[in-house]
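A lone chain, given as C-alpha cells: the form predicted alone.
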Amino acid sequence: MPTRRSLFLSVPLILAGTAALAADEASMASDFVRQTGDAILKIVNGSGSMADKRAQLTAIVNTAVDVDGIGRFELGRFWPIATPEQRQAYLSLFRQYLVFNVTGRLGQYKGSSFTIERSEPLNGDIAVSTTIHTPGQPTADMQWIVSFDSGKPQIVDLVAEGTSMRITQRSDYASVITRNGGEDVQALIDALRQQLIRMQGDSG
C-alpha cells in the first residue's frame, strides 16, 4: 500500500513526465507549422492557375486543419440548436468558404517567408509564434494554435497581431443569426451560400 511519503515523492516524477510531454508536443508543433507553412508558401510562389492552387491548398486544409472543429466552435451556442441537416450543410459550406477565403489572399503573400520564434502551451494547445516577412511590407506576427486532441497535430486557430480569427468569425456569425430572428442558423447558411457564390464569381 502506497505511503504518504511514496506518494509525495512521486509528484516530481509526474510533473517531470508532464513537462517532458509538453516539450515534445511543442517541438512537434513547431515542426508541423514549419512543414505546413513551407507547403503553403510553395503553392503561393509556384506556377499554375488559381484553380490548381486552390486544389493544392484544399488538400493541405483537409489534413492540416481541424475544419469541422473550427466550424463547430465558430457556430458556438447555435450548434446544439441546429438540425442534423443544417449542421451538415453549414460544415460543407464552411469548408468551401475557408478554402476560398485563404486562396483569395494568396497574392498578398507572394515572395513571403517566415521564421518560427517559439512554441509554448496555451489553454491545452500549443501556440507556435511566427514572424512573416513579405517584400515591401512590415513584418507581421502570427500565432498558429495547434491541437493534438485528434491524436495528431492540427491547426485550430490563427492569431494575427493578437486577434483570434476563430473568435472574430464566431462573433460575426452570431451577429448574422441574431439579426435574422435570433435562433435559426438557416440565416447563416443562406448567407454563407450567397457569399460563396460571390467568391466563386470573383475567382473566375
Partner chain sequence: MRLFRLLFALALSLPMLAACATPPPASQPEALADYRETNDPLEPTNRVIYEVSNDIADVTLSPAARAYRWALPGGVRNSVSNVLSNLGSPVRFGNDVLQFKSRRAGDTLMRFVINSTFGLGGIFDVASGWGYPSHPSDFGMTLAVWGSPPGPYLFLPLLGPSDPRDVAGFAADTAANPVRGMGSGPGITVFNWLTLGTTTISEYADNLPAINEVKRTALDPYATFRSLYRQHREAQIAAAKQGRPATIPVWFSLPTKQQSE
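Every value quoted in this text rests on a predicted model; they were computed, and no experiment measured them. Residue numbers count along the first chain shown, from 1.
In what follows, reference is made to the form predicted together with its partner chain, a form of this protein that is not presented.
Chemist: Considering non-hydrogen atoms and a 4.5 Å limit, which listed residue (Val176, Ala55, Leu41, Met28) is close to its partner chain in the predicted bound form?
Modeler: Among Val176, Ala55, Leu41, Met28, a heavy atom within 4.5 Å of its partner chain in the predicted bound form occurs only for Val176.
Chemist: In the predicted bound form, is there a heavy atom of its partner chain that lies within 4.5 Å of any heavy atom of Asn101, even though the partner is absent here?
Modeler: Answer yes; at least one heavy atom of Asn101 falls within 4.5 Å of its partner chain in the predicted bound form.
Chemist: Are any of the heavy atoms in Asp24 no more than 4.5 Å from a heavy atom of its partner chain in the predicted bound form?
Modeler: So Asp24 does not count as contacting its partner chain.
Chemist: Would Gly151 count as a contact of its partner chain in the predicted bound form, using a 4.5 angstroms cut-off between non-hydrogen atoms?
Modeler: Flag for Gly151 set to no.
Chemist: Does the 4.5 Å heavy atom contact test between Ile60 and its partner chain in the predicted bound form come out positive?
Modeler: Flag for Ile60 set to no.
Chemist: Hey, of 30-38, 63-71, 162-170, 43-51, which bit sits against its partner chain in the predicted bound form at 4.5 Å between non-hydrogen atoms?
Modeler: Heavy atoms within 4.5 Å of its partner chain in the predicted bound form occur in 162-170.
Chemist: Taking its partner chain as it sits in the predicted bound form, which residues of 178-195 have a non-hydrogen atom within 4.5 Å of it? Please list them.
Modeler: If the 4.5 Å heavy-atom criterion is applied to its partner chain in the predicted bound form, 178-195 yields Arg179, Glu183, Leu188, Ala191, Leu192, Gln195.
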